[in-house]
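Below, in structure tokens: the form predicted on its own, a single chain.
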């Protein structure tokens, strides 16, 4: 008998898998809200910890986040011995994103049963920067920098990476980035996490799957490629000709177009504003000229497409400006997104149902395996 008829949607386009009260991606109008609050407002001098509280507890964001949450995160920055052992055993040449994925897995040591809890979420959010910074410094043969409980979440990350107190401008810029990247609806990494949690697996297993998905260059790996593209162009005067040559070869321009947005990506708009505050003037002028030339060329080539600058484009400029090397662009994205992952894990577990989609079978039917000694049919 033939199976039921299905309409196949590659990439699950326009398929709704459930309900969520965490974030709303308004692709047609260029909006993004966290639990009803506009991201453009949140990313202006709101402490990251306030956004953590908003996404995990649903509480309104505040200029001064709850002291108990700040203490809870600061108290959980120190690594358990088993995670330290894994960090020290990793080959120093391991790419940081691969190292972070492995180290997050090491946090799931069998002591965290399903369902996930807010306290487990605090451990993931707080320890991920310590894991990454420690691995990076060890790979550079530099002494480890211990977490500083007097510093906020983002400032402490920069401190553990460099051993130098970050400037107010660096912290403000990276905090804005963390807030803008904290969640984004049912993206690939969040979906991977929710699939894992739907099996009644633990938070750290889900986060490991999310890290694996985020590693892919068409999800979280594009900012480093944007920076490489800007390097290749070199000067604003070369932008037009370089882009034309690239498009003539049918090669990608990184940082343009988004699956969800049919107008300006609101995160890109805010990151552009942050870049104006902290980026090197010549680098910013180059990025702005390339953006102008690329959008014009793309719209000439595809006049019916709705292509705009996406979040990765000015992420590259901002992350450069705060002093992060390119190999840390995607891992830093992951650190920012841990809060959204925790929020989705908690939400998934409240009314859980195993996520088990189907596929439309397109292979042969009716074949018979030949009996011994009989000719094949």
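Residue numbers count along the first chain shown, from 1. Quick caveat, the model's predicted, so the values are computed rather than measured. Take the two forms, find the largest set of C-alpha atoms that superpose within 1.5 Å, and that set is the rigid core.
The form predicted in complex with another copy of the chain exists for this protein as well; it is not shown, and the discussion that follows is about that form.
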Quiz item: Just to confirm, residue 262 within 4.5 Å of another copy of the chain in the model of the complex by heavy atoms?
Solution: yes
Quiz item: Would residue 110 show up as a contact with another copy of the chain in the model of the complex if we use heavy atoms at 4.5 Å?
Solution: yes
Quiz item: So, in the model of the complex, is residue 323 in contact with another copy of the chain at a 4.5 angstroms heavy atom limit?
Solution: no
Quiz item: Hey, in the model of the complex, is residue 89 touching another copy of the chain, heavy atoms inside 4.5 Å?
Solution: yes
Quiz item: Taking 14, 186 and 364 as a possible spot, do all three reach another copy of the chain in the model of the complex with a heavy atom inside 4.5 Å?
Solution: yes
Quiz item: Considering another copy of the chain in the model of the complex, which of 145, 243, 195, 72 comes within 4.5 Å of it through any heavy atom?
Solution: 195
Exercise. Scan 232, 218, 118, 296 and let me know which has any heavy atom within 4.5 Å of another copy of the chain in the model of the complex.
Key: 218
Self-check item: Residues of 195 to 227 having any heavy atom within 4.5 Å of another copy of the chain in the model of the complex, listed in sequence order
Solution: 195, 196, 198, 199, 200, 201, 202, 205, 208, 209, 212, 213, 215, 216, 217, 218, 219
Quiz item: Superposing on the rigid core, does the Cα of residue 62 end up 2 Å or more away between this form and the one not shown?
Solution: yes
